[in-house]
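There is one chain below, alone, in structure tokens, taken in the form predicted alone.
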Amino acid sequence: MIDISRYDSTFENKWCPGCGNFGILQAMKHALSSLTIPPEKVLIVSGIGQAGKTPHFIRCNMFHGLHGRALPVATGAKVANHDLTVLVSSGDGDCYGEGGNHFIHAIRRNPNITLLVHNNQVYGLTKGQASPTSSIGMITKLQPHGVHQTPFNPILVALSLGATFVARGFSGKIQQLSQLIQQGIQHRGFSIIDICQPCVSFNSINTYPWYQKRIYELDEATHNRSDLKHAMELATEWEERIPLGIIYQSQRPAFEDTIDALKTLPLVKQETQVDQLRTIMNNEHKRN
């Protein structure tokens, strides 16, 4: 039996009863406990939204940033301190909407961090507007005639940009999701886990029963996770069948491994060259 109590927080949780975030929170605690990572060695970075509140409910280091800006903060933290296990907790609106540009370039850089996207296909914190992943025809308070835009496909976008670890989980399958998070953390490079998560208050379409009729787990014995072409085919499955598991995995140098100044020591362990900084500042002052 895995004891997750060491990650319990004292903050009061105010998510809606039945919210898919609860399953994700349990899976995160279970994954960190299974890997025996001490809370002080964990950093969870988040943006704005219900998903952004997740690090409040886990005992660890946390950085609650601006809307859509979690990934650059997480990248900087990992560059500064390689010993930290860095996770990003984001929502579909936070990551794929406001943070879409950072999402693209984080994939390109391939920092050794794990991105968990709580994808409920709606803006839950701001009371139910359509998000980038909302399905066509979905009616909301802001889209009374239904959504007309094509939904953003994060799996397909990640694959096309060269992501080295691409997976999908479901908040209703906590054990499998925990395993995916563990594998994402252990992967050296950028790991994205898009997590299907029902919003019981504002999304009456993508419910628990809706997902249960469609989700299926990829067969580890037959699925070749290094086959990019097949991974892209899996990425297009949605309305009738939704694959869960590691869709694609490959290897290339992590971002921090490509920076010459970090090959000996991470920034946090390097001595600050105060004299050099003072010279630069003095020269800049004289120039102005």
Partner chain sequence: MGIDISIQIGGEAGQGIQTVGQLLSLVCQKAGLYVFAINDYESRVRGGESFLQLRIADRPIDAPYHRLHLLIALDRKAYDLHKSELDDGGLVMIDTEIGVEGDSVFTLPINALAKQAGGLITANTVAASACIGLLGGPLTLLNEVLEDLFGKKEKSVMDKNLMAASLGFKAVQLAKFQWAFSWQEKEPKGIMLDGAQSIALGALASDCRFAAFYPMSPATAIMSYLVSYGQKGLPVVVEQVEDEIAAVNMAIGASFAGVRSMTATSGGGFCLMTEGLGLAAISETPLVIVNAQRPGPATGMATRTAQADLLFAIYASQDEFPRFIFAPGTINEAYDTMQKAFLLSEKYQVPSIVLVDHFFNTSLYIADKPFQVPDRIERFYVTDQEISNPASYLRFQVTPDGISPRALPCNGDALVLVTGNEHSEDGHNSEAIDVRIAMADKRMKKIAAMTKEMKPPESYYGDAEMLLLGWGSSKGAIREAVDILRKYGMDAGCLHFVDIWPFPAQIVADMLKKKKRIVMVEGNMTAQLGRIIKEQTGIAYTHTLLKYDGRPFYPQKIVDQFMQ
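None of the values given here were measured: they were computed from a predicted structure. Rigid core here is just the name for the largest C-alpha set that superposes within 1.5 Å across the two forms. Positions refer to the first chain, counted from 1.
What follows is about the form predicted together with the partner chain, which we do not show.
Trainee: What I'd like checked is whether 65, 80 and 105 together line the partner chain in the predicted bound form, meaning each has a non-hydrogen atom within 4.5 Å of it.
Mentor: Yes.
Trainee: Ok, 257, 40, 227, 233: which has a heavy atom sitting within 4.5 Å of the partner chain in the predicted bound form?
Mentor: Comparing distances to the partner chain in the predicted bound form, the residue within 4.5 Å is 40.
Trainee: Of these, 186, 149, 101, 204, which has a heavy atom no more than 4.5 Å from the partner chain in the predicted bound form?
Mentor: Contact residue from the list: 101.
Trainee: Within 4.5 angstroms, counting heavy atoms, which one of the listed stretches 233 to 241, 216 to 224, 22 to 30, 43 to 51 is next to the partner chain in the predicted bound form?
Mentor: Single hit among the candidates: 43 to 51.
Trainee: I'd like to know if residue 35 sits close to the partner chain in the predicted bound form, meaning any non-hydrogen atom pair within 4.5 angstroms.
Mentor: Contact with the partner chain, no.
Trainee: Please check if residue 109 has a heavy atom lying within 4.5 Å of any heavy atom of the partner chain in the predicted bound form.
Mentor: Residue 109: yes, in contact with the partner chain in the predicted bound form.
Trainee: Report whether the minimum heavy atom distance between residue 270 and the partner chain in the predicted bound form is within 4.5 Å.
Mentor: Within the cut-off, so yes.
Trainee: Indicate whether the partner chain has at least one heavy atom within 4.5 Å of a heavy atom of residue 277 in the predicted bound form.
Mentor: Taking the distances in the predicted bound form, the answer for residue 277 is yes, it comes within 4.5 Å of the partner chain.
Trainee: From first to last in sequence, which residues of 55 to 75 have any non-hydrogen atom within 4.5 angstroms of the partner chain in the predicted bound form?
Mentor: Read in sequence order, the residues that approach the partner chain (within 4.5 Å, in the predicted bound form) are 56, 59, 60, 61, 62, 63, 64, 65, 66, 69, 72, 73, 75.
Trainee: Superposing on the rigid core, do we see a C-alpha displacement of 2 Å or more at residue 10 between this form and the one not shown?
Mentor: Residue 10 C-alpha, core-superposed: shift of less than 2 Å.
Trainee: Please check if residue 268 moves between this form and the one not shown, taking a CA shift of 2 Å or more relative to the superposed core as movement.
Mentor: No, residue 268 moves less than 2 Å.
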